[in-house]
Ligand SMILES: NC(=O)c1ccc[n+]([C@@H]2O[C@H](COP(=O)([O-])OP(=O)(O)OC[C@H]3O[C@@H](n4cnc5c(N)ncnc54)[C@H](OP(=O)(O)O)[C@@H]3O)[C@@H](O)[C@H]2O)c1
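Presented below, as structure tokens, is a lone chain in the form predicted alone.
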């Protein structure tokens, strides 16, 4: 375990990035934030991914780069243009950062990816040794990870952080579901038998810091709770935590009508993934069950 690391974070303004920056600083690490505008604070550095530009001196003395870039996946249907935007918003910044890591000899690149790398696994439990699955999201995650190749080729430690649904009190999926359950309009989605990988915000951020501080970990790492559940089990847990019934069912047909392919790959199917690498290296989860994670988020 190492301490006092100098870290560059790209994508620091979102839900996860904001929490991660605060957590890293609380742990004694120095954080520089990449911004796509004129820097307005001492800890900011400017960059323009489409132009391949990053401010001079950004990587001086830097030990690790964390890349959290990527446009929102589930906020609209996937037209051809939207799919390209989703791909470009991930692969272009990753390619730029991987090249910079290689050029400046940065020791580590921790790059965001998605748990949907594995596609739909049904009831089959998968860990980081599983191959890429089928579908748009799986291909997107694969291409996202491939864009880190220049950093790996230069000898940098590359960590591929395959994240899933993050349960946060500040927003995200839980922020959208909680009002529905409070109005007794909550329920399972489709059959409810599909896998629903989850992780608490505390463990999402804690795992990322763990990966910064443990240079012996490299390659794919599942950022997911240690006890995976189905959508029906998640729904029941949320209803219990909120003390509300979950009597309704949102038909698969309705979800497909609204979100199309996005519903099929994000909501109606999923990977039953476990965090084998984190557990093997001794990461201690703050929230081991979905009920613990939901209770912590709701109580804040």
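This is a predicted model, so every value here is computed, not measured. Numbering follows the first chain given and starts at 1.
What comes next is about the form predicted together with this ligand, which does not appear here.
(message) Considering non-hydrogen atoms and a 4.5 Å limit, which listed residue (207, 160, 126, 166) is close to this ligand in the predicted bound form?
(response) None of the other options qualify; the answer is 166.
(request) Scan 194, 113, 108, 148 and let me know which has any heavy atom within 4.5 Å of this ligand in the predicted bound form. (result) Checking each option against this ligand in the predicted bound form, the one that comes within 4.5 Å is 113.
(request) Name the stretch, out of 212-220, 81-89, 96-104, 128-136, where some heavy atom lies within 4.5 Å of this ligand in the predicted bound form. (result) Residues of 81-89 come within 4.5 Å of the partner.
(message) this ligand is absent from this chain, but in the predicted bound form, do 14, 68 and 144 each have a non-hydrogen atom within 4.5 Å of it?
(response) All three within 4.5 Å in the predicted bound form.
(message) I'd like to check something about residue 73: if you look in the predicted bound form, is any of its heavy atoms closer than or equal to 4.5 Å to a heavy atom of this ligand?
(response) Although this ligand is absent here, residue 73 would touch it in the predicted bound form, with heavy atoms inside 4.5 Å.
(request) Would you please decide whether residue 26 lies within 4.5 angstroms of this ligand in the predicted bound form, comparing each non-hydrogen atom pair? (result) No, residue 26 is distant from the partner.
(request) Indicate whether residue 36 is a 4.5 Å heavy atom neighbour of this ligand in the predicted bound form. (result) Yes, contact at 4.5 Å.
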